[in-house]
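For this one, two forms of the same chain are given in structure tokens, first as structure 1 and then as structure 2.
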Structure 1
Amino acid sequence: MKSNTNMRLGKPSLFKQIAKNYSCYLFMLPFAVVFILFTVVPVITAIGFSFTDFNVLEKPEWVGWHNYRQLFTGDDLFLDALKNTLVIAAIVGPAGYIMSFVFAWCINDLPPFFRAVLTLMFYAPTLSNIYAIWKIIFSSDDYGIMNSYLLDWGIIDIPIKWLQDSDFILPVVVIILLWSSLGTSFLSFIAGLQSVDRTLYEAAAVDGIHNRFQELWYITLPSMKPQLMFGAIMSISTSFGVGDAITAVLGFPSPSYAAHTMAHHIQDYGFTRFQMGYACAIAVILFVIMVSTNQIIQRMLKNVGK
């Protein structure tokens, strides 16, 4: 009897809520249709194809878990790609995220003109994607900028093959990706910092908060949790899905597959070998890793300011 009463007195059903707020749902409809068609449907389709042997031209053949077993037991290159992806994501993701926030926080209180100029300067690498300059910096001959300085300072005797030696390729890639990591997250942090209510700082000063670091932890960060979450999602997606920047500098495949990532492995099997079912299995694993990492980040951000 009590449960029936709660049902009658509780929240209205979903259909009643939609009927009551139909105008809001109408505004959402175009985006919802595009999101479902170009995001949800492809993800579900990829999951389905990952259990098949599909070469695009012929009808998919169901193979069950064969693709996943092959990835972990018979594909050494995938394990290298997984390791490289995790290493890059573990360094570039958090470091780029922290750099984006620190730079945004440091320039937030500057006059509008100087803040706008510095914002453009920090964001410019994302806009330009001029990776050719890194080929000049890390050129393998005496004329490369890095080798030239190291030779002049007497640190090395012969030029280092930065982009050919597998011992140096991954560190160079991390440096390049960090350079280009101040992207959308940086802009969202700038917007979030500008939207924080200034009266909160005045009230906090009365309550005993007197330095910027206390203001940061107890006021700034809790006030911009949506921007922090958005920045985390963008950093995760960028660091795990990296591939184009590496290809622009090292070519595809990279020398000795030293910077081969899961995105490269998907490209190789999906668009070079046309083994689409196998490529979808790689994409599903990458998707699961990204979603799991996102959930961990969400739980961590819930404790900010507590």
Structure 2
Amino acid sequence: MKSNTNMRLGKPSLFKQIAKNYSCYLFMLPFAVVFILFTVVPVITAIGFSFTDFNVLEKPEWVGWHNYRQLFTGDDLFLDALKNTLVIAAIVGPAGYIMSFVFAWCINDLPPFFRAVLTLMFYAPTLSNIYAIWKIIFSSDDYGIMNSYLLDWGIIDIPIKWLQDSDFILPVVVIILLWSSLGTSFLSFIAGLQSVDRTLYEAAAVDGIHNRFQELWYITLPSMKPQLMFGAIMSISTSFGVGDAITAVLGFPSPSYAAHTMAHHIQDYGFTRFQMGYACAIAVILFVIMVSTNQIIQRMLKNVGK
């Protein structure tokens, strides 16, 4: 179970080292067991099951690449889900990340009290599952807030079916997700900005940096690299993994599958149809997309200021 099993065995002192540090392993044991059992092992078994046909009741049957081939050539709904996931991630990910930084940066100039109040206001949407309120805002009848104001101002004549019309669903989803995108990365940026060494700014002012944007580029961003990298991981994981938030507003499945994402497709095949092998193949693809995007972005951010 412990992670030391695949250490090189050639080292004569390894067993001694393990024995000497036995208390370290004891400290780690409870968390490590749960973490390995419910996070590490499932990734490996998901990869294994993705090559099988498995309906839970019967034994899994090896089918090779069949599930993957089926996903990309015989499952239009999966391709829609893939497209929706990528579109949402491509908008909400970078926009949320940049917004988190810009707001954190603006807030940082305020006195502590206002800083605390605005931090709460921006972070509050992430604090709770309050997506239900958007059902009322974007309700399809005259009483929905959006519709009633647009009608009142004479911009539209008949109420728009925001949550039923497939032309509107995806944009509405993006707005809602952007609203709640100031999450962990936002907090990390606020903290990072506060910890930048003040004397650097003062020295820079002497050395000819004249406005806040130069200051941002030459001093703030390079000093915040660790937080920027952590924030990127948080934003990427959140923006690719949207599912529950959409379900809370639109139900499952969303009307005419207009906001069907990979998370929903996993849900659909895994827990409604119990086609575990197929659902695992979708999960593996989602895993590969998330981790590889993260690795690419981490590599890019490492080069900031080099």
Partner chain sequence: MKASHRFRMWRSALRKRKVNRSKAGSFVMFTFLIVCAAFTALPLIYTVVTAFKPLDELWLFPPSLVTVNNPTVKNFIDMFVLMADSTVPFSRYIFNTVFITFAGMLLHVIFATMCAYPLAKKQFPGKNLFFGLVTLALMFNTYVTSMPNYLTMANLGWVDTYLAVIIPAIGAPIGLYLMRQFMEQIPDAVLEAARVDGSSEWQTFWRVVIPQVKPAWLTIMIFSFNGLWNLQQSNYIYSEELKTLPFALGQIANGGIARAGVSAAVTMLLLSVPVLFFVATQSNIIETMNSSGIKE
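Quick note, the numbers are simply positions in structure 1, starting from 1. Note that this is a predicted model, so its numbers are computed, not measured. Basically, rigid core = biggest C-alpha set you can superpose within 1.5 Å across the two forms.
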- Same chain, two copies; the copy that is the form predicted in complex with its partner chain is structure 2
- Note on the structure: The hinge between the rigid parts moving between structure 1 and structure 2 lies, among 48, 167, 142, 98, at 48
- Please indicate how large the rotation of the smaller rigid part is between structure 1 and structure 2, in whole degrees. 17
- Task: Would you look up how far the C-alpha of residue 56 moves between structure 1 and structure 2 when the rigid core is overlaid, in angstrom?
- Result: 2.3
- Item | Core-fitted comparison between structure 1 and structure 2 - CA shift at residue 21, Å | 9.4
